[in-house]
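Here you get one chain, nothing else, as structure tokens; it is the form predicted alone.
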């Protein structure tokens, strides 16, 4: 019984051992014939977001020859088609170094800016090394431009340990609001939802059904509301970059007032009409100025959209929003705009091209990034061009705490523009030297002429100082007290050579 069983078992074992390779081979062939199921990789915080590490160094507008200390900044960017990373301009302002970092592995590569618009608060980055492959592992996010009030969105974050974090928010309304640059108003989404702080919270992508719906602009922990930069503005930015000639978002170039007051409506002869806004200011070389719009006009409609007394119109997609979206959000530089106005009780139709006025084209630069203040130092006298960043060194209350004459000039540029000035040049401060004895207390005084030459920009000042009078003196004239001062030309040049002792490393920046 046992012998039979043992023989049977040995025989069975040999049979199995002998034929098993054949069986395995057949199994392998069968396995090769079995089709593989492709696994689709979908966008997610871990597969579509990139950490951005930037080193920033701001310019000093009070001591224009200096820059501030380098400071680090971190944020998140959205990986999009073309192997590029989209983020806010605020994250990379005045950057001296930028790198991209994978959230999962920590791999890094130096990056460069290939598109930048501070008014739209958008920046586009790509690796400096065109052969870098670290972004090949990511899944690009596509734009979703279907967001309307009532939609549910997700704010994506990634912690330092690589864990993904999503926050559900709901769109309360779509409006026109402030962006990074004061006075720069574009379309925004206001959303409701409690956003927790996590690493890299400076810039956060917002998605709808796995597609990029916008970028976080601001968050109020008290109200638990956020303002988002919508994908329609992002699309405008990306489309403009395609041909390599970025033009930006057009400016209309006017200020207006609501016409809710019945006396104003009667005065402007629109009592029998509905809506309209009162034009209280027009910038001469702006779209509106060149297009024939004048102060006192009543704008009744733009491109066929009626404007109400508060300055709103009914948008087909978003509902009631400010009319500036017709110019800045849904139009391009060069597009024609049709405007129906009332002037002195008469109806007039205007048609003109939309332009964009660059910040450097304004009498007082509204913002300055990636470039320092223009200035000149001679003999201890420090001259500068007036800019809004200079005034903001007096803090958030600069309109009341800043130098009164300079604040007034910034708010009322028209008289200077009519004089032909391109910039306002002023004496900002005085370093005590043998050439400036008695002038130490002077500062914040607007210059009119130097050596008989009118000063319309800092370059004029440099040229004028090349021509002292016969006595070897520079005659410097101002709008206000002390009206006129004199500077010894030879002594001033000698002192310039010694100013490095005061820690002044650069004597001028005229570009």
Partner chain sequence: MTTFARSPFSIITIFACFCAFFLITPLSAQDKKKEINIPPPPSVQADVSKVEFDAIVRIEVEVENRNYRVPWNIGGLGSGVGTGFLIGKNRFLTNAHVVSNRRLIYIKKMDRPEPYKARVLFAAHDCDLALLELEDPTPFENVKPLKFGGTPKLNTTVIAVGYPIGGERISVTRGVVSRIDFRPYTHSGVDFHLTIQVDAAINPGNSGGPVLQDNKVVGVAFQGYSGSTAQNTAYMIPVPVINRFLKDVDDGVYDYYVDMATQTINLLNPAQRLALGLKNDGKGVMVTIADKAGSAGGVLKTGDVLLSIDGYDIASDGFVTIDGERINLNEIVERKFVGDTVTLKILRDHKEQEIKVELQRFIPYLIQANHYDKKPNFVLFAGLQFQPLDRELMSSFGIGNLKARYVYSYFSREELYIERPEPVILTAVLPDSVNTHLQPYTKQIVDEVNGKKIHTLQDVHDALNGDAHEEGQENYHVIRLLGEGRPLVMERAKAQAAHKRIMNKYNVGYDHFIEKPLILESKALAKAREKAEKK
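The term rigid core refers to the most C-alpha atoms you can superpose between the two forms while keeping them within 1.5 Å. Residue numbers count along the first chain shown, from 1. Note that the structure is predicted; figures quoted are calculated from it, not measured.
The following text describes the form predicted in complex with its partner chain, which does not appear among the structures shown.
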Which of 90-98, 437-445, 237-245, 370-378 lies within 4.5 Å of its partner chain in the predicted complex, heavy atoms considered? The stretch 437-445
Of 335, 295, 159, 168, which one comes within 4.5 Å of its partner chain in the predicted complex, counting heavy atoms only?
295
With its partner chain left out of view, which of 128, 404, 348, 314 would have a heavy atom within 4.5 Å of it in the predicted complex?
404
Given that the partner is absent here, does residue 267 sit within 4.5 Å of its partner chain in the predicted complex, heavy atoms only?
yes
Can you work out whether residue 466 and its partner chain are in contact in the predicted complex, taking contact to mean some heavy atom pair no more than 4.5 Å apart?
no
Although the partner isn't part of this model, could you tell me whether residue 280 comes within 4.5 Å of its partner chain in the predicted complex, counting any heavy atom of the residue?
yes
Give a yes/no on whether residue 408 approaches its partner chain to within 4.5 Å in the predicted complex, heavy atoms considered.
yes
With the partner left out here, if you bring back its partner chain in the predicted complex, are 62, 67 and 154 all within 4.5 Å of it by some heavy atom?
no
Restricting to 469-500, the residues within 4.5 Å of its partner chain in the predicted complex through any heavy atom are 471, 473, 480, 481, 482, 483, 484, 485, 486, 487, 488
Could you tell me whether the Cα atom of residue 81 shifts by at least 2 Å between this form and the one not shown after core superposition?
no
Would residue 211 count as moving between this form and the one not shown, using a Cα shift of 2 angstroms or more after superposing the core as the test?
no
Aligning on the rigid core, do we see the C-alpha of residue 105 shift 2 angstroms or more between this form and the one not shown?
no
